[in-house]
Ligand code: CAO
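This document starts with one chain, in the form predicted alone, laid out as structure tokens.
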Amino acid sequence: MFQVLVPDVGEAEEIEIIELFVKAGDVVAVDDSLIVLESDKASMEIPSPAAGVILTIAVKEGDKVEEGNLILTLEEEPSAHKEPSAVLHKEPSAHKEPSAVLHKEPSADKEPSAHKEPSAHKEPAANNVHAGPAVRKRAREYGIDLTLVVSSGVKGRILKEDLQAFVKKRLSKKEQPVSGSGIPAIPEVDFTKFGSIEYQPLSRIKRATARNLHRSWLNVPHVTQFDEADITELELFRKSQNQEMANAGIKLTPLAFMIKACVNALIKFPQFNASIEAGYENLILKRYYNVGIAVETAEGLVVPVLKDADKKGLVELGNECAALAGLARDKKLPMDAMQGATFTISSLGGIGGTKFTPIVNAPEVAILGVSKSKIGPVWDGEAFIPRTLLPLSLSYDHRAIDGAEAARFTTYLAQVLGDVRRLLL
């Protein structure tokens, strides 16, 4: 009996079982596909190094595994062993070097007839498909059943061009699907008719973000309230404090002030720190203040959450924001750090723009968009004077919040940002 273990995948920190081709009792031949592993860097298809019968499977699709973890056990057919390159491991013995990569478990003597005959088992359809890991991954992303794809490669191997031809054929059908919500689907177009194209698969994060935003947009009646905050004095105070605390390595960021001001506004207007009950019977007011901060990463948008923001000072908020953003960009953000937000801030101030309409992160009922500050003229009663103005875009769920409440919220928020002494009240 042999044990198939997770091979060395280099520096990958997370390995996921994304496809499992066999089950206990299946008969496999040499080089039949067993599973597909995916790390944050690549996907890897694991072939069977020997012909035999699958005895047990220790994993399931979606499991996270590490190098050396048991995948499955295999009962080898007599005289059918093929030395693998990296997947199976054999227990060192007197006639085998310890560096060998095949691990064989001691078992009772069995007659060859005790093995199950291939004819008694139906081999999984996926095992009959000859395709590389990259093609399999793309097929999964597009929801393509490889058994339906006509292959054009050597020895029946499916190529990426075969996937494109399959998609093109499907698009040529006249039927137009309707989404489950009853909303007519956007017609699919064969863009190859107009020129060359390239498929760029979305990351798992971007796919999840797309689904969540689509669900929120369809279910939440969005309204956006626009406003401006005069942050001239705030910026003068922030920069002076940074000069004083520079030797201590402390730096106050504009976002830290924004979080603090938002928490003050949420306390004054609790309906913005809430969720609406599914049956519209109650508004669920939350007595804790966890602020989500949208962070752009190479893989897509993630939203780490600052827990109990009302109990933290400006310096602590700034440091925690920087730490969470760093973890997000390094793909080291734990799942619990992205849960439990009651209100979200999406800041594009470091990039540009004057205003935008952020999508509410349901089941929250509001999200604040912050754009790039600018110097603009403000009338003081006698003359126009230059002031630093910060654009604010508050999107809210109109089922839970009405327009007058939203206007009061942004007005109060602008007042707090305009005079930081209000943060002490």
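None of the values given here were measured: they were computed from a predicted structure. From 1 onward, residues are counted along the sequence shown.
Note that the form predicted in complex with oxidized coenzyme A (CAO) isn't included here; everything after this is about it.
May I ask you to choose, among 139, 294, 309, 333, the residue with a heavy atom within 4.5 Å of oxidized coenzyme A (CAO) in the predicted bound form? It is 294.
Given that oxidized coenzyme A (CAO) is left out here, which of 337, 274, 146, 255 has a heavy atom within 4.5 Å of it in the predicted bound form? Looking at 337, 274, 146, 255 one by one, just 255 meets the 4.5 Å heavy-atom criterion.
Which one of these stretches, 346 to 354, 282 to 290, 191 to 199, 156 to 164, sits within 4.5 Å of oxidized coenzyme A (CAO) in the predicted bound form when only heavy atoms are counted? Checking each option against the 4.5 Å cut-off leaves 346 to 354.
Contact flag, residue 390 vs oxidized coenzyme A (CAO) in the predicted bound form, heavy atom cut 4.5 Å: Yes, contact at 4.5 Å.
Is residue 399 part of the interface with oxidized coenzyme A (CAO) in the predicted bound form - any heavy atom within 4.5 Å? Output for residue 399 is no: heavy atoms all beyond 4.5 Å of oxidized coenzyme A (CAO).
Contact of residue 208 with oxidized coenzyme A (CAO) in the predicted bound form (heavy atom, 4.5 Å): Contact with oxidized coenzyme A (CAO), no.
Classify residue 33 as contacting or not contacting oxidized coenzyme A (CAO) in the predicted bound form by the rule of any non-hydrogen atom within 4.5 angstroms, answering yes or no. No, residue 33 is distant from the partner.
Contacts with oxidized coenzyme A (CAO) in the predicted bound form - residues in 372 to 389 whose heavy atoms fall within 4.5 Å: Contacts from 372 to 389: 372, 373.
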